[in-house]
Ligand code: 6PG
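Only one chain is included here, represented as structure tokens and corresponding to the form predicted alone.
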């Protein structure tokens, strides 16, 4: 069962999510000597990343031992306003002592199929593994249509079982994306959904308590095999569920 924690408002969600990430980092470094995290794009994590870069948190994370990856990327150049990498760089990466070689971005500016293959090969080289590797933490969002990463309703990538990273044209967004696939995400030690706002309330209930239909609600695909799934949400998003308020 996923771990659901609800915060009374956005400010508390930001603080609580930053604390959660810092604790995950500390545990990973203590146990394995490094912290391997995949970041999410979107509006919800932006203030969380900024909080991690603040004076309160920036010295609590062993950035020299941290490797940053991305759960998905829009197929745009890295300086494009729509780039998940650009958002993470502006809010977090440029403000902490993270070695440049520890930032593993998806090459959104090249052909989507080539970008996906290159990223999958980079994951393989980094983990030195031919079998599914184990990220310490993968951060995810959830759209009001139930998508997560770039796993959108009705798309072929939802049925991908072999690839770790895949390209996908998202018709409703009229854009190509590159995304980690469900098998790779589900191999992580920890997955954390960051969700806020009343517009997500119905979908959060659908994903957590509705019938299992991941082609309609792709976030249901995310069920870590040996890790833990965490939902960090604000009270507005949790209006239809009955969680513990943090």
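Positions refer to the first chain, counted from 1. The structure presented is a predicted model; accordingly, all values stated were derived computationally and were not measured.
One more form of this protein exists, namely the form predicted together with the ligand; it is left out here, but the text below deals with it.
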The listed residue (143, 153, 133, 112) that reaches within 4.5 Å of the ligand in the predicted bound form by any heavy atom is 143
For the ligand in the predicted bound form, the stretch among 114 to 122, 158 to 166, 90 to 98, 70 to 78 with residues bearing a heavy atom within 4.5 Å is 70 to 78
Hey, in the predicted bound form, does residue 181 get a heavy atom within 4.5 angstroms of the ligand?
no
Given that the partner is absent here, does residue 51 sit within 4.5 Å of the ligand in the predicted bound form, heavy atoms only?
no
4.5 Å heavy atom contact, residue 149 and the ligand in the predicted bound form:
yes
Is the gap between residue 210 and the ligand in the predicted bound form 4.5 Å or less for some heavy atom pair?
no
If we check the ligand in the predicted bound form, which of the residues in 8 to 47 reach within 4.5 angstroms of it by a non-hydrogen atom?
40, 41, 42, 43, 44, 45
